[in-house]
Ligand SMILES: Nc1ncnc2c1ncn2[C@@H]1O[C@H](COP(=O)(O)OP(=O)(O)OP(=O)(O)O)[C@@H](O)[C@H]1O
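Given as structure tokens, the chain that follows is alone and in the form predicted on its own.
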């Protein structure tokens, strides 16, 4: 489904090339939970951004369902992400002036008459039915992250990308977030970045990355 072929992401730092990712060969299969594990600065988040098209590979290629990201416009790539991908980040990025329900509804690629019903159903499945009309500042950290998960999953996404989604939570709440992601993704794939191997106990496969290179799969 997603395939990276000799993909590299290079930055320039004071005239020197710095590889955030270096010659990555990796395939994400349909329905797979793949963990990307590594210490801070190892390139794991950069790899996630390359796989989902938030950053284009400097060299090599990344394709989704056979369509290479480099062959389409930025607008078309953004549309591909909106339709097929959901995102959960380290910080629960929610709009403070919108309710939990309204924040979840933002994740729907084609808003329509059923969007609210589906968003409400998503919140019920996440145990947040009674918090639907609360604003982010009225929710706990774990609840805010679950709202982000609801937004990421709305519309039956093919892949959910999670970048350190448990980093700002205690271990118990972190495990609950992972369980929520795994249990509610349906038939979609999950790609999760973390520095904590205990968060990947249910992963189908764990990729270890160091210095921008894959060291084990």
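Positions refer to the first chain, counted from 1. Predicted, not measured: the structure shown is a model, and the values here were computed from it.
Just so it is clear, the following notes concern the form predicted together with this ligand, a form of the same protein that is not shown.
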| property | result |
| --- | --- |
| Location of this ligand contact in the model of the complex, chosen stretch of 144-152, 180-188, 60-68, 35-43 [non-hydrogen atom, 4.5 Å] | 35-43 |
| is_contact(residue 90, this ligand) in the model of the complex, heavy atom dist at most 4.5 Å | yes |
| Heavy atom of residue 20 within 4.5 Å of this ligand in the model of the complex | yes |
